[in-house]
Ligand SMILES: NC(=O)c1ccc[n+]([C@@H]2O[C@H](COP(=O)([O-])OP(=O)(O)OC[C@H]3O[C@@H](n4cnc5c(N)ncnc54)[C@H](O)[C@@H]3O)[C@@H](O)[C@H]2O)c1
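In structure tokens, one chain follows: the form predicted alone.
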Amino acid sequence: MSEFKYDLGILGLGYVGLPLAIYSIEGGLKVFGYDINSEKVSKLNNGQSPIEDISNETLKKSLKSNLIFSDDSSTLAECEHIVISVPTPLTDFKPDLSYVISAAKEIAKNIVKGQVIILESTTYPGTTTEVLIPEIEKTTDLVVGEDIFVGYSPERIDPGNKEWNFKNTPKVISGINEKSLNKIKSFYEQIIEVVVVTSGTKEAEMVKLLENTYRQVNIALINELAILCNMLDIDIWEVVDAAKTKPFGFESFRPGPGVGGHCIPIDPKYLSFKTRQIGKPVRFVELAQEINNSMPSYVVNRIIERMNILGKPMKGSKILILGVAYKKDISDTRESPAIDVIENFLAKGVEIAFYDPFVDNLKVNNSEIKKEVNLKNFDDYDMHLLHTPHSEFVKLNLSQYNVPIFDATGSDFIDDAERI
């Protein structure tokens, strides 16, 4: 029987940490969740979930079990396993590990012999051994790998995915030595259906970067081909649909206004950072980033062309953006291409509004963007831009409005739209 009060302590209660907490509770574990944001902690303890994948009802049910949230890190001393799931943003185009370092310091202050520490935050290869462990070792005489155990496991949360969730998505794990790996494996097997073991933490850290770099590169390929096909008067959507009938050797990617979220636009930059340290820039990956970053401007230029054909000047025109989240059926606007599109339009004197059933407020350059709340006003715009293909848009029957539509998503529920 464990000497610890809690089976799991989690640092960071966002898109990764909160689902981990809930599924661990459902797996019969006792869970302590820590976050420095006191307001977030208060809302969580009142049963208010900040993410779509965890409903308020599910959260309230877990709170009645063995789940507790706090902004006091001292309880970490009572946790057998500790998972770090804090943000790792880019600051000045460099990986910002300040949250990881802060988490390591909180753990070190409360560290107890026998604890298992697992980093899940996305980062560059080497972070676990070069940043996390040295930070912990600064304030303890406990021997890492003998008294305390450390490993890395990349998160694979896909917000809004109804098929693949935390429990049934295979979990990649690693440890700094065999003892650490065995403890980490035993832990995750309690809550995850399939566990995939890698030989070391660098390999596991690289897995996450490979997964999202793969997507970044292939999205860039199809985006560049979409631009080429438009110049050659070829329907890229017909090409993609025909190509994906091949049962082998081809995976379908679809063009769009760019890439968003905290994974695809960010993770390859961690790879670029690390490879440039060793004098080997990943030129292919960086080119893909450049192509995807250019897509918002491409969308705007295509709309300018369309407006010119219609005899409407851009300055003073009114454009309604349908969907500003970075992907369908979620509220997350992090790194959304819609932000760049809006910035571009505003610079050209366009009046911008948005309609998104999942997003209530949107600021661009510290300015509040108007949210259109009345469907009857849809006819008041000079152009509709379908940016995010939320499922609800299928019901709107956008063709009923006497407004031209530019579809950046290739959706099949809109007739007579100009497509990317």
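Values in this document were obtained by computation on a predicted structure and should not be read as measured data. For every residue, the number given is its place in the sequence shown, counted from 1.
Beyond the structure shown, there is the form predicted together with the ligand, which is absent from this document and is the topic of what follows.
Contact with the ligand in the predicted bound form, defined as a heavy atom within 4.5 Å, holds for exactly one of 289, 110, 198, 122, namely 122. Between the options 166, 188, 237, 99, the residue in contact with the ligand in the predicted bound form by a heavy atom within 4.5 angstroms is 99. The ligand is not drawn, but in the predicted bound form it has no heavy atom within 4.5 Å of residue 394. When the ligand is considered in the predicted bound form, residue 85 lines it closely, a heavy atom lying within 4.5 Å.
The ligand in the predicted bound form is approached by residue 263, whose closest heavy atom lies within 4.5 angstroms of it. Within this chain, residue 34 lines the site of the ligand in the predicted bound form, having a heavy atom no more than 4.5 Å away. Exactly one of the stretches 240-248, 86-94, 316-324, 338-346 approaches the ligand in the predicted bound form with heavy atoms within 4.5 Å, and it is 86-94. Contact annotation for the candidate site: 15, 103 and 157 all lie close to the ligand in the predicted bound form (heavy atom within 4.5 Å). Along 387-420, a non-hydrogen atom within 4.5 Å of the ligand in the predicted bound form is carried by no residue at all.
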